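Next up is one chain by itself, shown in structure tokens, the form predicted alone.
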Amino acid sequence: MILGLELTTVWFILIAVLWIGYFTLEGFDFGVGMLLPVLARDETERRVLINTVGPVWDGNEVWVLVAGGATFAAFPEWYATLFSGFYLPLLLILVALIVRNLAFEYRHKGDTAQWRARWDAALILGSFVPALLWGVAFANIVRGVPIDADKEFTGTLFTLLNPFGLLGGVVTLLLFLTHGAMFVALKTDGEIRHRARALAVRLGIAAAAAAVVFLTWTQVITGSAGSSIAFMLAAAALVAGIGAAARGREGWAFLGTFVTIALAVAGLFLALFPDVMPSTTDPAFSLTTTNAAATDYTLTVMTWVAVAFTPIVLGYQTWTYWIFRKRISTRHIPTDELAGAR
């Protein structure tokens, strides 16, 4: 036990923290990718947008890898049921992430407009698909899916495409678009900065409307006192972020969407606990932090590993953001068409 908490609860919290880190950081990456054709007017401006996330996007993706690995090690039954039942959506997310990563790496290796346009399309699509499907997946995890007595998912792809799941996808899509626009406004200067700030306000209003409906629905289905507080604070943070963007306070605006996503994800995990994957077939078949967990020995070893290496990872990523903290604009982009776009 740690601070009076069972190791299973500790690892549930740690996995929640990993997903919070992933969505708050990779969320603006997805947003920037999707906004490429909206905010950029020419090749130079497209380079500016890509450069805002160029130094950090690959580090941000580490969070999802660690979250997946931690789930596999700490809750193997949860991992097995989740990845078998959600196989196709997760496969589509994986393919989209691969395509997106290739776009970052190969866009600048060709010198023709057609070459860059194709990789731009890959970047946009590779950002859109995960932004939508992660929301669908997490909405279904919290809502519950058909699981039998053998802990096997008995539904189909269409089981996941229910109104609640699709609304969850729309919410993450709009939140990531807003988060990305806030990040561009924070990281750039000149016309792109003003364009992004104005767009962030409009996107934020749409995201707020969708998020209120989704989070209220979640609270009605499976909410708790803790999740209701997290959801209300998330809504307040989003409103504050939109207000800050309208006043030209980009730093506070970005912090607002950052906190919004963090609290919303935290609220989903609070609504889920102590289940990790509820069963709509029979509540007795639900996977919980107890019946889906690994052995105490495994959790103990993992805990010591996490204590040793987590500060190193956090320190390195913080240092990266500090080094690349300055704004960029079109004047920082080389005029040579063969110059790197990252």
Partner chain sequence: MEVVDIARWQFGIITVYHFLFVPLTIGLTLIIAIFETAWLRTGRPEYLRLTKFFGKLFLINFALGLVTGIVQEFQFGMNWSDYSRFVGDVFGAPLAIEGLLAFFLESTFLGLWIFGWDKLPRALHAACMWIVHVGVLFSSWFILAANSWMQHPVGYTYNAENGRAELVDFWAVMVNKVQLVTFPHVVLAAYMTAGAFVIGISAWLYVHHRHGAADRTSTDPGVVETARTDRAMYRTAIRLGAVFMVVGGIGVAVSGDIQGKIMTEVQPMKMAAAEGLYETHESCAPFSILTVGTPDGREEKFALTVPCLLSYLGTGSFDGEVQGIDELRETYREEYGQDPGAAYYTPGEYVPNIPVTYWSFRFMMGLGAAGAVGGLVVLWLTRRRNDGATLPHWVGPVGIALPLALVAANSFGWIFTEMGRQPWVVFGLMTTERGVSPGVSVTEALISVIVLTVLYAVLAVVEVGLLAKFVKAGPEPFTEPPDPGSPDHDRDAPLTFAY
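Fair warning: this is a prediction, and the values are worked out from it, not measured in the lab. Numbering follows the first chain given and starts at 1.
Omitted from view is the form predicted in complex with the partner chain, to which the following refers.
For the chain shown alone, Pro76 is a contact residue for the partner chain in the predicted complex, at least one non-hydrogen atom being within 4.5 angstroms. Contact between Lys151 and the partner chain in the predicted complex is found at the 4.5 Å heavy atom cutoff. Under a 4.5 angstroms non-hydrogen atom cutoff, the partner chain in the predicted complex lacks Arg247 among its neighbouring residues.
Lys109 belongs to the set of residues with a heavy atom inside 4.5 Å of the partner chain in the predicted complex. From the list 82 to 90, 203 to 211, 236 to 244, 173 to 181, the contact stretch for the partner chain in the predicted complex under a 4.5 Å heavy atom rule is 82 to 90.
For the partner-free chain shown, nothing in 197 to 225 comes within 4.5 angstroms of the partner chain in the predicted complex, judged by any non-hydrogen atom.
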